[in-house]
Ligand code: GAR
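One chain is shown next in C-alpha coordinates, namely the form predicted alone.
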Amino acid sequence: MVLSIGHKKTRTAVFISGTGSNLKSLIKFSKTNKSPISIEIVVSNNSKAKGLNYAKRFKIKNKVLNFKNKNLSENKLLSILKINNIKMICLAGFMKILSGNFIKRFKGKILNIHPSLLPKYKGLNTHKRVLNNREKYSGCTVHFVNSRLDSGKIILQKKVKISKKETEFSLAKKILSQEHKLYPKAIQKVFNL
(Lines give C-alpha, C1' and ligand atoms only; values in the text may rest on other atoms or scores of the structure.)
Protein backbone atom coordinates (compact mmCIF):
# COMPACT_ATOMS: atom_id res chain seq x y z
CA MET A 1 0.00 0.00 0.00
CA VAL A 2 2.17 2.85 -1.21
CA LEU A 3 0.81 6.34 -1.60
CA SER A 4 2.20 8.85 -4.01
CA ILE A 5 2.75 12.35 -2.67
CA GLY A 6 -0.30 14.53 -3.08
CA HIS A 7 -2.48 11.44 -3.18
CA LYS A 8 -5.86 11.56 -1.52
CA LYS A 9 -5.89 10.10 1.98
CA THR A 10 -7.03 6.50 2.43
CA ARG A 11 -10.61 6.29 3.68
CA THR A 12 -10.46 4.56 7.05
CA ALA A 13 -12.89 3.20 9.63
CA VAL A 14 -11.99 2.91 13.32
CA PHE A 15 -13.70 0.22 15.43
CA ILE A 16 -13.99 0.84 19.17
CA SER A 17 -15.72 -0.59 22.25
CA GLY A 18 -14.71 1.73 25.07
CA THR A 19 -13.19 5.07 26.02
CA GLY A 20 -11.72 5.72 22.58
CA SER A 21 -8.42 7.26 23.70
CA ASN A 22 -6.62 5.60 20.76
CA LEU A 23 -9.42 6.81 18.49
CA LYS A 24 -8.82 10.36 19.73
CA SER A 25 -5.10 10.15 18.97
CA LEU A 26 -5.84 8.64 15.53
CA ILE A 27 -8.29 11.45 14.74
CA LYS A 28 -5.69 14.06 15.71
CA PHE A 29 -3.09 12.24 13.61
CA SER A 30 -5.47 11.94 10.62
CA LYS A 31 -5.89 15.73 10.56
CA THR A 32 -2.14 16.30 10.08
CA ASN A 33 -0.41 16.60 6.70
CA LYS A 34 1.79 13.60 7.39
CA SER A 35 -1.17 11.28 7.84
CA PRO A 36 -2.01 8.93 4.95
CA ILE A 37 -5.52 8.25 6.34
CA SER A 38 -8.78 10.10 6.77
CA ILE A 39 -11.22 8.70 9.33
CA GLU A 40 -14.64 8.54 7.69
CA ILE A 41 -16.59 6.43 10.16
CA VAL A 42 -16.36 5.13 13.72
CA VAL A 43 -18.00 1.77 14.48
CA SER A 44 -18.77 0.46 17.95
CA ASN A 45 -20.40 -2.66 19.36
CA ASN A 46 -21.27 -0.68 22.49
CA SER A 47 -23.78 2.18 22.37
CA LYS A 48 -22.38 3.51 25.67
CA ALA A 49 -18.77 3.63 24.43
CA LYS A 50 -17.34 6.97 25.52
CA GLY A 51 -15.29 7.01 22.33
CA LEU A 52 -18.43 7.75 20.32
CA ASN A 53 -18.28 11.26 21.81
CA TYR A 54 -15.02 11.86 19.90
CA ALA A 55 -16.73 10.85 16.67
CA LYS A 56 -19.51 13.34 17.41
CA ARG A 57 -17.12 16.08 18.50
CA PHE A 58 -15.08 15.76 15.29
CA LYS A 59 -18.23 15.34 13.15
CA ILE A 60 -17.32 11.83 12.01
CA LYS A 61 -20.11 9.43 11.12
CA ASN A 62 -20.65 6.72 13.69
CA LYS A 63 -22.54 3.46 13.74
CA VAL A 64 -23.38 1.10 16.60
CA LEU A 65 -23.92 -2.60 15.88
CA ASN A 66 -24.59 -4.88 18.85
CA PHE A 67 -22.97 -8.04 17.42
CA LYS A 68 -25.57 -10.24 19.18
CA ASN A 69 -25.93 -11.95 15.85
CA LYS A 70 -22.37 -11.82 14.51
CA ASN A 71 -23.26 -12.82 10.94
CA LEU A 72 -26.00 -10.25 10.66
CA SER A 73 -23.89 -7.48 12.21
CA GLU A 74 -20.89 -8.25 10.02
CA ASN A 75 -23.01 -8.26 6.86
CA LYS A 76 -24.50 -4.90 7.84
CA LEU A 77 -21.02 -3.64 8.62
CA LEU A 78 -19.64 -4.76 5.26
CA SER A 79 -22.37 -2.85 3.43
CA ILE A 80 -21.78 0.27 5.59
CA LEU A 81 -18.03 0.08 4.81
CA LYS A 82 -18.78 -0.37 1.12
CA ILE A 83 -21.19 2.59 0.98
CA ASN A 84 -18.56 4.76 2.68
CA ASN A 85 -15.84 3.43 0.36
CA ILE A 86 -13.66 2.34 3.29
CA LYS A 87 -10.26 0.93 2.29
CA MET A 88 -8.69 0.38 5.70
CA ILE A 89 -9.81 -0.52 9.23
CA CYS A 90 -8.08 0.35 12.50
CA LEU A 91 -9.19 -1.61 15.55
CA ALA A 92 -8.75 0.50 18.67
CA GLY A 93 -9.94 -1.38 21.73
CA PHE A 94 -12.61 -3.24 19.75
CA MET A 95 -13.69 -6.12 21.99
CA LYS A 96 -15.32 -8.34 19.37
CA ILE A 97 -13.53 -10.95 17.31
CA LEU A 98 -14.14 -10.55 13.59
CA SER A 99 -14.87 -13.66 11.53
CA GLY A 100 -12.35 -15.12 9.10
CA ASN A 101 -14.74 -14.28 6.30
CA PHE A 102 -14.87 -10.60 7.28
CA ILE A 103 -11.09 -10.44 7.65
CA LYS A 104 -10.62 -11.99 4.19
CA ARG A 105 -12.60 -9.12 2.64
CA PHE A 106 -10.08 -6.66 4.07
CA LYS A 107 -6.98 -8.85 3.90
CA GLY A 108 -3.90 -6.84 4.82
CA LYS A 109 -6.03 -3.76 5.47
CA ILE A 110 -7.02 -4.29 9.13
CA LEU A 111 -4.70 -3.08 11.87
CA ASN A 112 -5.01 -3.68 15.60
CA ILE A 113 -3.22 -2.37 18.66
CA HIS A 114 -2.64 -4.74 21.55
CA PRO A 115 -1.31 -3.86 25.05
CA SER A 116 1.51 -6.39 25.23
CA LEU A 117 4.67 -7.38 23.39
CA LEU A 118 3.13 -9.96 21.09
CA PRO A 119 3.39 -12.91 20.62
CA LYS A 120 3.37 -12.83 24.45
CA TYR A 121 0.08 -12.28 26.28
CA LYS A 122 -2.50 -12.49 23.53
CA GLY A 123 -6.12 -11.96 24.49
CA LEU A 124 -7.48 -10.28 27.62
CA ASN A 125 -6.23 -9.29 31.09
CA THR A 126 -2.76 -8.67 29.71
CA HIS A 127 -1.44 -6.40 32.45
CA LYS A 128 -2.56 -8.72 35.22
CA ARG A 129 -0.87 -11.71 33.57
CA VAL A 130 2.31 -9.72 32.88
CA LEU A 131 2.57 -8.67 36.55
CA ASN A 132 1.71 -12.16 37.87
CA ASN A 133 4.61 -13.53 35.83
CA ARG A 134 6.94 -10.85 37.21
CA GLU A 135 7.99 -9.69 33.75
CA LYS A 136 10.62 -6.93 33.58
CA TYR A 137 9.10 -5.40 30.46
CA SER A 138 5.78 -5.12 28.72
CA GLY A 139 4.61 -2.80 25.98
CA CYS A 140 2.30 -2.54 23.02
CA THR A 141 2.13 -3.93 19.50
CA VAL A 142 0.47 -2.79 16.30
CA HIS A 143 -0.15 -5.74 14.00
CA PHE A 144 -2.12 -6.81 10.95
CA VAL A 145 -5.25 -8.76 11.80
CA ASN A 146 -5.54 -12.33 10.58
CA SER A 147 -8.00 -15.05 11.51
CA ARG A 148 -6.06 -16.07 14.66
CA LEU A 149 -6.37 -13.89 17.76
CA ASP A 150 -3.54 -11.35 18.10
CA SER A 151 -1.38 -13.40 15.72
CA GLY A 152 -1.03 -11.27 12.60
CA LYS A 153 2.25 -9.89 11.26
CA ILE A 154 3.76 -7.36 13.65
CA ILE A 155 4.21 -3.84 12.27
CA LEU A 156 5.74 -2.01 15.26
CA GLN A 157 6.27 -2.55 18.99
CA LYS A 158 7.19 -0.32 21.89
CA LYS A 159 8.80 -1.72 25.03
CA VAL A 160 7.96 -0.35 28.47
CA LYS A 161 9.95 -1.04 31.65
CA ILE A 162 7.94 -2.35 34.57
CA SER A 163 8.78 -0.71 37.90
CA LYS A 164 8.95 -2.61 41.20
CA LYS A 165 5.78 -0.96 42.50
CA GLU A 166 3.81 -1.34 39.25
CA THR A 167 0.07 -2.02 39.50
CA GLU A 168 -2.30 -3.10 36.74
CA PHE A 169 -3.62 0.46 36.65
CA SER A 170 -0.23 2.18 36.48
CA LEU A 171 1.03 -0.26 33.86
CA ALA A 172 -2.11 0.17 31.75
CA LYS A 173 -1.70 3.95 31.90
CA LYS A 174 2.00 3.80 31.03
CA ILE A 175 1.37 1.52 28.04
CA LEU A 176 -1.65 3.47 26.81
CA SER A 177 0.38 6.66 26.50
CA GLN A 178 2.84 4.72 24.31
CA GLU A 179 -0.02 3.26 22.24
CA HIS A 180 -1.09 6.78 21.28
CA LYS A 181 2.35 7.41 19.76
CA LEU A 182 2.86 3.95 18.28
CA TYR A 183 -0.38 3.60 16.30
CA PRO A 184 0.22 6.64 14.02
CA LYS A 185 3.86 5.57 13.47
CA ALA A 186 2.71 2.06 12.51
CA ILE A 187 0.20 3.49 10.03
CA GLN A 188 2.94 5.57 8.44
CA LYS A 189 5.11 2.47 8.23
CA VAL A 190 2.34 0.51 6.48
CA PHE A 191 2.20 3.25 3.85
CA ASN A 192 6.01 3.34 3.59
CA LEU A 193 6.12 6.97 4.65
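When you see a residue number, it is the position in the sequence shown, counting from 1. Treat the numbers as computed from the prediction; the structure is a model and nothing was measured.
Although it is not shown, the form predicted in complex with this ligand is what the next lines describe.
Looking at 81-89, 68-76, 113-121, 98-106, the stretch with residues near this ligand in the predicted complex, meaning non-hydrogen atoms within 4.5 angstroms, turns out to be 113-121.
Looking at residue 176, you'd find a heavy atom of it within 4.5 angstroms of this ligand in the predicted complex.
With a 4.5 Å cutoff on heavy atoms, residue 22 counts as touching this ligand in the predicted complex. By the criterion of a heavy atom within 4.5 Å, residue 18 is counted among the residues contacting this ligand in the predicted complex.
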